[in-house]
Structure formats: C-alpha cells, structure tokens
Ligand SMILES: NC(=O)c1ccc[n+]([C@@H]2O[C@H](COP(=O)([O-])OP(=O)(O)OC[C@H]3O[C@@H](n4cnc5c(N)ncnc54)[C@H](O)[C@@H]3O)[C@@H](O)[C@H]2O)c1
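Before any questions on binding or motion, here is one chain by itself as structure tokens, the form predicted on its own.
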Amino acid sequence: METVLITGGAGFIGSHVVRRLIDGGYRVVCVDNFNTIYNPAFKEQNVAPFLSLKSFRLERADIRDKAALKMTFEKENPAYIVHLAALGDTRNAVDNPGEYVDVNINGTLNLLELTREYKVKNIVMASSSSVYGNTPRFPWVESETADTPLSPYGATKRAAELFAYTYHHNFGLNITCLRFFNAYGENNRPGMVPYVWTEALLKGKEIEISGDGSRKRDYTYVGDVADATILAMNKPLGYEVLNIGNNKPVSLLELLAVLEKATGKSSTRRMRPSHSASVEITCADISKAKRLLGWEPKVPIEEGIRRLIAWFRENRLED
C-alpha cells in the first residue's frame, strides 16, 4: 500500500481526492492547518468520514512550517505528493498579497525541497486558471505566456509553476501542475458563487450579480477535477502544465437559471460593479489533458448543480 501525502486534504477539492485515493487502495496522509479563511468546522466535517480508517492519517500542520513537514516526510516516506493547500480568494489577495506569497509560494518551496530530499516519485500541484488573467485568445492553451494575472493569487500560482520547473530541471523531479477552472460541487468552499447563490435561493435571500451577468466561467464539477488529479499522480510526465476545465463557459445569468430550475426557486437580484481582479471569461482548452492523461469531464453543469444543491440541503440548510 503506497502512501500519498496530500496537502489541503480537508478542503473542498482535497476531500474528494482523499476519498478516491482511499477507494483506490492508497494510504493517505492528509496535511491541513484548518485555517479560519472559512469556518474550520466545515473542513472537520469533510474529513470526519475518514478518521476511523486505518488507511488515513490526519496531520494538523501548516505547509509554511518546514520542520513539521520534514517530520511528516521522515515518518511517512510518501511515494506521491498531491499539493492542494493554498490561499485561494482572488479578491482578498489584492488586499493581502503578503499572505498569499507566504503560503502559495514559500509553502510550495518547502514541499519541493522535501520532495527532492525524500525522492518522491511524482508531485501533482494545484494551479489555477487565474494565471491567464484576461488573455484574449480562447480557449486558453497551456502554451500561453500567462504573465498578466489580474490578482496576486494568480501571480503566486504562476510563480509556483515556475519554481516547480526549476526543480524538475535541476533535480529531475516529476511535477505536473494542474490549472483548475472554477471547480464546484459537494463540500464547496463558502464564498464561491455556486455555493453563495445556492444558499441565497434556498434561504430566500437576494442574489448579488457582478456586472451585468454576462461574465462567463468554465465551471468544472469537482468529481471530474479529482479524477484528473489521480490520473496525473499515477502518470509521471517529467514537467507538465495541464488545463483541467469543462471547455463550456457559462455566463452568470445562465448559471443562475440552472440554479433556479434545480431549486424550483425564483431569485431577487441586485447588480453590483465588477471587481478589478475579476476576469471576463475563463475557457480551457483541454486537449492536452485528454492526450496525456486520457481525461475529460463527464458531469454536465445541470447534473453537477443538482448534486451541489442536494448536498447543501443535507449539510448546510438548517431546519
């Protein structure tokens, strides 16, 4: 039974990856600091089903604490690393860039150093569509220069990709950076539009729409994202950057229509000005992931939203 060390494994995407790893016969060591960016109790709920399993171990640690990480590497000797831990709010990053540099760059460097020292087979790192900024050519391909991110969050993710390349070049590490596009689904992180609007509709609250509602996002079901992560972990590629998206952008107004139909609720709406860090459209060219991983998304947004709503009713909606 090989060991996978996953950072941020108690989070939204991480908890789905943990489930698939355990079901696939791996031993999982989850490193998470349960920070207060959102209610830590939600993360506790995410990992609760795994705590009694012999194939799962929870390590409450911060990726910025290299000494703590080193102790975990020494004790567990992981064969693979899935690095998902990060600060991820693009708008908050504009006001607090130092925190994002500290976690998303310095924390990643700690993992790269330990991956080199302990001769890990393969590391998969979560990057983001935010690295593209407002690149005008669609769909976005990985060969774009990606040097005009609109938020410090996107800048830190691009910097982490570049550091990863240098570790591949100098030390021969296998590293795949996955640029995730607008994941949504069960265990959704609060603050993301699908979660916020689901809550508003089910509780009869006003929906706040950025701009005129025409902005488009390449919403990608979290289960498809988790599948891509496992495929990348099991296929060392030297150094690669891959888009993981749905390739079917949906406008904010179209998303709201899907949510209204699935909940059976009508919305009261209020428009607000767009934030300077918000891109106009995200759209992934996923041909490279199809070619190298044999991956493509399976869950259409109508089904993914139904799953999100069912989960929300069961886990977040008070009687």
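Note that the coordinates shown come from a computational prediction; the quantities given were computed from them, not determined experimentally. Note that residue numbering follows the sequence shown and begins at 1.
The form predicted in complex with the named molecule is left out here; the points below concern that form.
Across the options 55-63, 260-268, 278-286, 247-255, residues that bring heavy atoms within 4.5 Å of the named molecule in the predicted complex belong to 55-63. Ile209 falls outside the set of residues with a heavy atom inside 4.5 Å of the named molecule in the predicted complex.
Taking the partner from elsewhere, Asn35 is found to have a heavy atom lying within 4.5 Å of the named molecule in the predicted complex. With a 4.5 Å cutoff on heavy atoms, Val18 does not count as touching the named molecule in the predicted complex; it lies far away. Contact annotation: Ala79 falls outside 4.5 Å of the named molecule in the predicted complex, judged by heavy atom distances.
In summary, among the residues Ala159, Val193, Leu114, Val103, the only one with a non-hydrogen atom within 4.5 Å of the named molecule in the predicted complex is Val103. Among the residues Val120, Ala155, Ala85, Ala164, the one placing a heavy atom within 4.5 Å of the named molecule in the predicted complex is Ala85. Along 9-37, residues Ala10, Gly11, Phe12, Ile13, Gly14, Val31, Asp32, Asn33, Phe34, Asn35 each place a heavy atom within 4.5 Å of the named molecule in the predicted complex.
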